[in-house]
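Heads up, the chain below is alone and in the form predicted alone; it's given as structure tokens.
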Amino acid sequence: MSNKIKSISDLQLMFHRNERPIYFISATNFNLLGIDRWVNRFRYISYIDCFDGRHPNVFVPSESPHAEFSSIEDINNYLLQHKEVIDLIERRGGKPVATFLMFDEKTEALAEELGMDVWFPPAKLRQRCDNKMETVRIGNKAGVFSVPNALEKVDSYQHLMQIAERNKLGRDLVVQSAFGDSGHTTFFIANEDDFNKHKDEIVNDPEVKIMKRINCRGATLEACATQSGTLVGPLLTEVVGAKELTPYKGGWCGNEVFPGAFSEGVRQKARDMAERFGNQLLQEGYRGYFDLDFLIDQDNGEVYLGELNPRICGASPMTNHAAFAYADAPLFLFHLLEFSGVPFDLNVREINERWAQPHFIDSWSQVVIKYTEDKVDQVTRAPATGIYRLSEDGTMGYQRYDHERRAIDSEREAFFLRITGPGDYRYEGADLGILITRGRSMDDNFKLNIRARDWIRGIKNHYDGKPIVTTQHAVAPAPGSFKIL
């Protein structure tokens, strides 16, 4: 297609008629669930078969020997060297395109060997932007400010206190290291004992982010930096640290989107901050999809920049299935357009103004259910992916297979995407699956509501496991293994 894209209908037509094979290669297809409905010749190459072979566009190669995975990049590198994957890519022909949740320079080299274009900024640039210190600096350039902070190397508790005093941060602090998700690399330091618990992680980093501790609520927003400007999705709430879902205090475990989740002032400020940050990312050489976390001070309503995820992320299924996506197009299509090489000129200001309207936001929630017990066993029974129904007495049962969350009929039904299945190990922090429902999963105090707790208990009741009694202990994952979503 050579005509310039000037409207949403042009964009929809372009991908409806797309003939170039586009792949999302990852542990599961969760992050881009449903994009195959919008893009012709789009396929998922996954390591985990969440659908027991029933999803028409998911390809899972047979298991073959590999070194122990320590990251999602390892999984992708394994997939790109798998003969069945290579055969699939060659058989489908064309000039293939690869998209990933996470990738490194080895992934880029493997993709190049297969003749694939990677439609994301280079791994080296993504790594730089992902550094929490660099995020603060990029934000400062754009006038998008973080919670009052200092970026310095720390060598002791006394040194930390000196830095805090010099920067007027108080004595109740939050310290973050450069990389890693917030459940593992954010440390709350109110005294020397707190510091000593995390001393090694803090003093071994060349630089850490030291923040004043505020009474805040988290929010997240996805956007896409393009040559026509930065498109901004809806502001989502975050489910954080719920003990029914995760063993990690402060760990992300879900999102909600609904009109009225935030005041109009907060929503507009976050949208403006995301647009300015995206435009600054373009100046840094980064383009395409990204996610910003925000911290909203509950004492004065101030909105601060939290973290940057220079990629799609766990919130992407919510953004790409919000009402605006069905009215126009999912945000990820604009990312694909940016990298397609097809000329376009879109009125981003008009699109953003339309997407900011409350009726372009409907009410959905998703929660990521982790195994929360401090033990390891092997799963003997697990709930299948599909639609489940909640009874009036709080029990739930399987209704039917589906791979579309839109198939949910009412708030009494939910879509469950299974991650951990029969034969897999359950260990503290393992992702059992994702539950997606219409309506809210939290109450007005942002605690899990009764319906959500019924759903979570119901899903866990569909799991059974047996103790590990053989010498297979050596291959069982360690508690707190890397995340895959």
Partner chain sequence: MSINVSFHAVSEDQPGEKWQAIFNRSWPGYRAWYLRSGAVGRPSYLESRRAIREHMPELVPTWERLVGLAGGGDVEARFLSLWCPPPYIAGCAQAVWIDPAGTQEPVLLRNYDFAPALLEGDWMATRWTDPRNRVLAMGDCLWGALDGVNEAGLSASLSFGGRTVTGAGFGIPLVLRYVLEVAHSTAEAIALLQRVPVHMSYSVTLLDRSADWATVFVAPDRATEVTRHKAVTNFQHAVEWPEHARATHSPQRLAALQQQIDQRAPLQALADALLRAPLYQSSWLRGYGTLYSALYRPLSGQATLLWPGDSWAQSVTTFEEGQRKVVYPAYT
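These numbers were taken from a predicted model, which means no experiment stands behind them. Numbering follows the first chain given and starts at 1.
Absent from the display: the form predicted in complex with the partner chain. The rest refers to it.
Undergrad: So the partner chain isn't shown here. In the model of the complex, which residue out of 197, 82, 159, 213 has a non-hydrogen atom within 4.5 Å of it?
TA: Answer to the contact question: 82.
Undergrad: Pick from 409, 90, 299, 264: which residue has any heavy atom within 4.5 angstroms of the partner chain in the model of the complex?
TA: It is 90.
Undergrad: Partner absent here, but in the model of the complex, which of 445 to 453, 58 to 66, 34 to 42, 432 to 440 has residues with a heavy atom within 4.5 Å of the partner chain?
TA: One stretch meets the cut-off, namely 58 to 66.
Undergrad: According to a 4.5 angstroms non-hydrogen atom cut-off, is residue 86 in contact with the partner chain in the model of the complex?
TA: Looking in the model of the complex, residue contacts with the partner chain include residue 86, since a heavy atom lies within 4.5 Å.
Undergrad: Please tell me whether any heavy atom belonging to residue 110 falls inside 4.5 Å of a heavy atom of the partner chain, as the geometry stands in the model of the complex.
TA: Close contact exists here: in the model of the complex, residue 110 approaches the partner chain to within 4.5 Å, heavy atoms only.
Undergrad: Is there a heavy atom of residue 114 no more than 4.5 Å from a heavy atom of the partner chain in the model of the complex?
TA: Contact with the partner chain, yes.
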